[in-house]
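A lone chain, given as C-alpha cells: the form predicted alone.
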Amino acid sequence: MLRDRVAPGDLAEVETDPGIGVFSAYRSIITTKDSLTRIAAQPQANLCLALAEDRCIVGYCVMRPSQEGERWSWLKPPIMFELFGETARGWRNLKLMRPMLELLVGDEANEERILYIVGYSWTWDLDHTKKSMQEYRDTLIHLLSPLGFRQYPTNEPNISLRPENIFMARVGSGVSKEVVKSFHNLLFGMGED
C-alpha cells in the first residue's frame, strides 16, 4: 500500500523494515522512523511510504524544498524541490519506486516547480544490485525520464566529483521563462545576468 502526505503522527503506528538504509559502503541519513518523522514535519515536504501489511515501511520517497545552504535553494521563493527515496533490500525487485515517484510528481502544484534528483554514485547499493555504476545510472535515467525528468549538466562540486553522478530535473509547464533562465544559470553557479 502507498500513502503520501504522511504526517509525523502517522509514523507512530508503523515500523521500518530492517532492509532500509542497508548499503555496503554508505550510511544513509534516513534509516529510522525518527529521521522520517523529521522529514514529514518539514513545511511543504511530502513523504510517501510503501507499506507492507499496512504497518511496515519497505520504501519511502520524499519531495521537499531545497535545503538552506544548498545551491538549489538560491531560487526564491522556494521553487526547486528535491526528490529522493529508497526501497528496502529484499523489496527492490518489486518496482515500488516508480509508483511512489508518480504519486509525488503527479501533484498539480508541481507544474509551478522545478523538481530535481541528485544521484551520487557512492550512495548506490551496487553490491546488492550487481550492476555497474553506469548500469545503475542508466536505471535512474530509465526510471525518471517517463516522468518528465531530463539530465542537465552542472558544475556543482559534489555532482562533478565523479562522471557517474547525475543531476536530473523536471521543469513544470507553469514555470516562467525568467525562472527557467535563472535555473540554467544556477546549474553553473551563476546569479542573474
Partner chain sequence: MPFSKHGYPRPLILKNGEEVWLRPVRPEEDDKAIFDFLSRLSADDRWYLDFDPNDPETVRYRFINFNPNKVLPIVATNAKGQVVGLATLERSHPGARGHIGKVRVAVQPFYRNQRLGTYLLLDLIQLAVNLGLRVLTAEFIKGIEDSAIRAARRLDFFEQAVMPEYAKDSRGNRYDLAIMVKRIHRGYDDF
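Positions refer to the first chain, counted from 1. Quantities reported herein were computed from a predicted structural model and do not represent experimental measurements.
Here the subject shifts to the form predicted together with its partner chain, a form of this protein not shown in this document.
Partner contacts here mean any heavy atom within 4.5 Å of its partner chain in the predicted complex, and among 62-70, 122-130, 36-44, 49-57 they occur only in 122-130.
Taken together, the three residues Gly21, Thr32 and Trp91 lack any non-hydrogen atom within 4.5 angstroms of its partner chain in the predicted complex. Its partner chain is not shown here, but in the predicted complex it comes within 4.5 Å of a heavy atom of Pro163.
Contact annotation for Asn185: at least one heavy atom lies within 4.5 Å of its partner chain in the predicted complex. Its partner chain is not drawn, but in the predicted complex it has no heavy atom within 4.5 Å of Asn158. Contact between Met190 and its partner chain in the predicted complex is found at the 4.5 Å heavy atom cutoff. Contacts of stretch 81-97 with its partner chain in the predicted complex, defined by any heavy atom lying within 4.5 Å, are made by none of its residues.
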